[in-house]
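Okay, here we've got a single chain as structure tokens, the form predicted on its own, with questions on binding and movement later.
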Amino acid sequence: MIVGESTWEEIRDFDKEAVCLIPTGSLEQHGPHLPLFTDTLLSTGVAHRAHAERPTKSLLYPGIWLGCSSHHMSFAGTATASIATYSAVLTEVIECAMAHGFRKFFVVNGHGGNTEPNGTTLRELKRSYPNHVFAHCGYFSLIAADGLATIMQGPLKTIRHACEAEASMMMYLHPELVREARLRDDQLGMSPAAPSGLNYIQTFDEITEMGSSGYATLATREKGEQLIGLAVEGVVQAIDHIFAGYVMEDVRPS
């Protein structure tokens, strides 16, 4: 069931074991070739397709579009929430659903800057509501590495930012929003390279030329259709797992 298209009575009577599916995204620059709403359009697009395959097992919420995007603020049009504001919004959406009897929540993220805030927000909720179920991941993390390696032609076999993968998925879902004449490759590397495992906090104007990272000139609609299909398949599998529940068992060898 789609929350925004339903009546209050339909939500009241819906299966309370259904998985509340909450997409999260951003309004931030995506180079000269993709719109600022890219992350939100992709996460909600995947979530809508997954929900369509499991309409009785999932309750689809509108995407939370204001993400944690301070590292993109050097580029015009970007809007960001503080981590505290973002966490408060996500928490209150979930607590409203709880007030109406729902107890299983799956946050499907489309923006890397939301990954850590999503995790810490859900951990705090779990502390307050230990008998509820909370899960989160990026839709992109549900695309198997071998699938990405097969589909993507460029030297980067992971999803970056306004890259071959994101541009391809936008060509499939929203071709009218892709500035194909402005597709470009943008890949800077640190010199000397940082020690393995060391994470610097950097802004996108420090690490890119024009705000994108990856090989967008290799993007095609066909690749986008394949990638979206794999992402939807992964989200559907996650919905099934959360809906069915699980037990923890001793897996030590006897």
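Predicted, not measured: the structure shown is a model, and the values here were computed from it. In case it trips you up, residue 1 is the first one in the sequence shown, and so on.
One more form of this protein should be noted, the form predicted together with a further copy of the same chain, which is absent from this view; the next part is about it.
- Contact check at 4.5 Å (heavy atoms) against a further copy of the same chain in the predicted bound form: none of L21, D146 and S213 pass.
- With the partner omitted from this view, the residue of I151, A81, I159, L173 that lies near a further copy of the same chain in the predicted bound form is A81 [heavy atom within 4.5 Å].
- Shown alone here, D185 lies within 4.5 Å of a further copy of the same chain in the predicted bound form, counting heavy atoms only.
- In the predicted bound form, a further copy of the same chain sits within 4.5 Å of a heavy atom belonging to A76.
- In the predicted bound form, a further copy of the same chain lies farther than 4.5 Å from every heavy atom of G229.
- In the predicted bound form, a further copy of the same chain stays beyond 4.5 Å of every heavy atom belonging to A52.
- For the partner-free chain shown, G113, T115, E116, P117, G119, T120, L122, R123, E124, K126, R127, V133, F134, A135, H136, C137, S141, L142 of 107 to 142 come within 4.5 angstroms of a further copy of the same chain in the predicted bound form, judged by any non-hydrogen atom.
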